[in-house]
Structures are given as C-alpha cells and as structure tokens.
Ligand SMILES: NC(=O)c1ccc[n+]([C@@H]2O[C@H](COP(=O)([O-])OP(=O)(O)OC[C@H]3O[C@@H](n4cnc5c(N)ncnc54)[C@H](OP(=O)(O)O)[C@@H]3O)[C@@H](O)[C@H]2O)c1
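One chain comes next, on its own, written as structure tokens: the form predicted alone.
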C-alpha cells in the first residue's frame, strides 16, 4: 500500500511517499481503508518539532490524526464495528508509528474509530476529529453549563468564539447553535465574516474595524457565558472585559504567543474559570462522549462543511501531502483534505 512517512522532524520536505505492507489488526483493533485524510495544525507542528532533525519515538511515523474511510478488517474482541462500516477517525497518529491517516490502510484501536452517520460523506467525516472534539470540550467545561450537548442544552447562553473562521471555531459555532446558544464571533476581515455567517454565527464582529469589547457588551449587556479562545495572549483583556460573573474561558491554542498576563483581582471578583483544552490528554471518556454528541449533531444536519457552510475545502492527492501540510502551515483558510483512496 501507499503511505506517507517521515523519519526526522523538519519542514514538509521530510514527508516521503513509500510502499508498506498492510498489517492485520490485533485484539481490539480495526483496519480502515482510508478514503480521505485531513491535515490540522497539530499535524504539521508534530512533524516540524522544536527544531529540524530531532529524533522521533519511532523509526518512521505516518502523519495526520483525522480521516474517514471504511472498515476493512476487525481484530478479536471488536463487536460494535464490522467490515464495510463507514467510519471517522480521531487521534489516529497519537503515540503510534503507523496509525496516521496519510496512508491507504490504517490499523487503529477501536476506541479511536467512530461510526459515520448515513447522511455524512467522507469529507465531513475527515473534517471532524481534532476540530469538532476540541470544540465540544470547549463548550462543556463551564461551571454551570452542560457536560453533554444536544438541542436545548445551551438555551439562554451567549457564547463568544474567537477567530470563528478556523476549523475549531467553525465547529464551535455549529455545535453551539445546535445546542441553542446565541453565538458571537470575532474575525479579522470581510471574507472571514462571510464564512462565519455561513456557519451560523448570530453576531459577527470585525475586531479591526470596531471596538470589540463595547460591541460585544452591546449585544450581551450582562456579559458572555462562555468563550472559546484561540489566542489567549492577545485576547486576555478583551475576554475579561466581556465575560460575565462565573463565566468560563476555554483555551485550545496559543495563537499570538505562549505567555499571557491576567489581572488576578479583577478575575477574583468575577469568579472566572479558565480551562485549557488539549485533545491528546483530555481522556478517552471525554473523547467518546464528544463523538456521540457530534454524531447526533451530524444526524440533525448541524455540522456541514464546504464553502457554503463556512468551511472551504482544499484538496490534495496523497502524493502531494507535503503541499497539503505546507498549506496548513501557511494558514490557509478552510479545511485541507487529502484524497487517499478511490471511491
């Protein structure tokens, strides 16, 4: 089979197309014929590492955490998935040399493989994983908010999604709207404003053209209940200016810097909760719960992708995985997908 591997950290040129043997699944594993692989920022960051040429935990690594395909074989002890089932994948490459989705067949632990609802295509399935599960976690960490999402669980809540045109932001807008929230999002320009509007945001604020805090307070005089934050270093003052008493800020990325300053006294007075979100260490119970709720949202038609839904798709062939990684690393707007197998 064809697979992409890298043997040391570095720029996209370290990615190599090779032929590998197809492995049989062991106990508790399934083999998936990958139809579509997806590239997330975490994928290129793992590939690049702290500096070029660093040794890897394995002799070679197959990249990409997310994808979608068809179950091709099941190992002993697997009961709820069967050959021929359509599935989506998450955390495929985490702590595994050969689990990544940038290959024609991937063998994975069954707990990282989820049924793909009948009304969803492989593009949507590959676009879930890291973004949708992260968004679900960010929306379910509030002190007085829900631990699971379904229609009505965020009724009466106001959610601020920072940088809503990104993949996590897009999923957060869609999931929050599906659960009943009023969604405010911030963007840097009109093109991104059009995308988040298509995703379903109720209020869109161009932070370069208006006083964002004043505009958010105009929309939500009592403050916002939850913030899904991509740039905490840049937005700490804004978040404090608009969060309500006992509100929550879920931080899932470090865009804009690794260090942030917080006014302790003002946060004390509001009982603000900060929750940092990293999918790799959130625990499989949270991942499984998110996957169930995400599938329910898909069944309701609440998580579409594509430009009309606010998330443009950019396609590459498996042999062009290096270019796909480069596109994400260069901050292309939308979702980068790799066509792995023919339908």
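Residue numbers count along the first chain shown, from 1. What you see is a predicted model; the values in this text were computed from it and never measured.
The same protein also exists as the form predicted together with this ligand; that form is not shown, yet it is the one meant from here on.
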{"property": "Segment that reaches this ligand in the model of the complex - one of 286-294, 314-322, 47-55, 34-42, heavy atoms within 4.5 Å", "result": "34-42"}
{"property": "Non-hydrogen atom within 4.5 angstroms of this ligand in the model of the complex for each of 157, 179 and 247", "result": "no"}
{"property": "Contacting member of 86, 273, 192, 203, with respect to this ligand in the model of the complex [4.5 Å, heavy atom]", "result": "192"}
{"property": "Option touching this ligand, based on a heavy atom within 4.5 Å in the model of the complex, out of 146, 75, 256, 151", "result": "256"}
{"property": "Heavy atom of residue 220 within 4.5 Å of this ligand in the model of the complex", "result": "no"}
{"property": "Contact of residue 230 with this ligand in the model of the complex (heavy atom, 4.5 Å)", "result": "yes"}
{"property": "Residue contact check: residue 298 to this ligand in the model of the complex, 4.5 Å heavy atom", "result": "no"}
{"property": "Residue 114 within 4.5 Å of this ligand in the model of the complex, heavy atoms", "result": "no"}
{"property": "Partner contacts in the model of the complex for 247-286 (non-hydrogen atom within 4.5 angstroms of this ligand)", "result": "252, 253, 255, 256, 277, 278, 279"}
